[in-house]
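Take a look at this single chain in structure tokens; it is the form predicted on its own.
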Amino acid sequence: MKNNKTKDFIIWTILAIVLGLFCSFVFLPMLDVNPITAVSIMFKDTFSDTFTIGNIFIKTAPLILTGLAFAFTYKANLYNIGAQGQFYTGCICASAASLALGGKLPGVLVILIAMICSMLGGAMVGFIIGFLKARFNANEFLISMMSTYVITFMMQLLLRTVLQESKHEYLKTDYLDSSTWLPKIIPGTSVSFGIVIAVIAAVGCWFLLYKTSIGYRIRVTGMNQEAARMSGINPKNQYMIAFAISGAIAGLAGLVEVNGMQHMLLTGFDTDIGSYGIGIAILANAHPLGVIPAALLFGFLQVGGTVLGHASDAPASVIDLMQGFVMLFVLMSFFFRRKIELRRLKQQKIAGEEAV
């Protein structure tokens, strides 16, 4: 049964991706873009040099982490729609720690402190959401979503006051000391150690969910709260734990982006990274290891769409068009997979009754 579900997931997901990309390219003539030329440009130019390929990994690193943030709470049958806000919290904490300690302590130590701060900041926001869910049965979907707006405006306030750059002309911080930057790992590109951190985080989430008692309690709570309660598991505690861990993961994405790529904190950047994370988690069926290839796909679409926009008259929105169609077909595939699974269960039940 498990093998059939895995097989169905792989087949239907691949089919959804292919159909999503096909439909998005079918719409390109409406934008006065030749779809055959567009496909050629995307694949040929995107993989034409090491620097452009490196951009895919740059985009992928934070996407893995925001995808993991949604996937982790989903295992507890919860919905963390506020990964964007937790990501910004991680950005604030990482930049504040790096600015305060950069040049005063060894760079590696500052990076470790900034990492801890970013994860603690995101975990605190996540814990508050989980607490409100556990204590007042608040709708975590709405609470997490609205928390993003609160944190976004808080970040803008900080960029106008204590974190603003020295000349007080722009809504950004000073550049971080170069010793606090995540080291580059691929020569000739801007790919930082952040991609390694993201992959390690994915493996760590998989281990935590499937190889530890904490993960077991979270998954049991997600499958059946009443059964979990009768077996001695407190679902309310699992809400807070799941959201705190999820927030820490999203906060870690802030460190990867600020210390690994931007090297400063500024307003209005990566405004869609939280929503992309939701799509990535859905595409991966909320499996931590599946998030890695799903994020790579989204990273490729972002870089490929940008390359296409530069090499043709295609608008920047072509990126959203491709990602939107892929997600639409992935959601449709869930419906058909579920119907197939229910039909298979019904046939097994009938076969069992006939055998008796």
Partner chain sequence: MSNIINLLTRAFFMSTPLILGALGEVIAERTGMMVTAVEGIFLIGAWGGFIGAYLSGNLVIGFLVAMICGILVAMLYGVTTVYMNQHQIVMGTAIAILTTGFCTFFYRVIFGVQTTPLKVETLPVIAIPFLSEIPIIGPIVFSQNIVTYLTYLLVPVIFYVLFKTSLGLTLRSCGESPEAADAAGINVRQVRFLAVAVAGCLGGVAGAYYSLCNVGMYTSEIISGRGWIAFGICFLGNWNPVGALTFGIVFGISDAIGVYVKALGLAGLPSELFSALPYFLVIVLTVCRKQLKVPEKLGVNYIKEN
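This structure is a prediction, so every number in the text was calculated from the model and none was measured. Residue numbers count along the first chain shown, from 1.
FYI, the form predicted in complex with its partner chain isn't displayed, but the following is about it.
Contact residue in the model of the complex, chosen from Ile292, Val307, Ile53, Leu28 - any heavy atom within 4.5 Å of its partner chain: Result of the distance check: Leu28.
Among the candidates Ser147, Gln84, Ser192, Thr173, the residue which, in the model of the complex, approaches its partner chain to within 4.5 Å (heavy atoms): If I apply the 4.5 Å criterion carefully, the residue I get is Ser147.
4.5 angstroms heavy atom contact with its partner chain in the model of the complex for Phe336: Within the cut-off, so yes.
In the model of the complex, Ser48 touching its partner chain (heavy atom, 4.5 Å): No, Ser48 sits far enough from its partner chain in the model of the complex that none of its heavy atoms falls within 4.5 Å.
Non-hydrogen atom contact Arg160 with its partner chain in the model of the complex at 4.5 angstroms: Arg160 belongs to the contact set for its partner chain.
Any non-hydrogen atom of Met42 within 4.5 angstroms of its partner chain in the model of the complex: Heavy-atom contact with its partner chain at 4.5 Å: absent for Met42.
Its partner chain in the model of the complex: contacting segment from 34 to 42, 326 to 334, 57 to 65, 284 to 292, heavy atom within 4.5 Å: Of the stretches listed, the one contacting the partner is 326 to 334.
Residues within 4.5 Å of its partner chain in the model of the complex, restricted to 131 to 153 and counted by heavy atom: In sequence order, Leu132, Phe136, Ala138, Asn139, Phe141, Leu142, Ile143, Met145, Met146, Ser147, Tyr149, Val150, Phe153 come within 4.5 Å of the partner.
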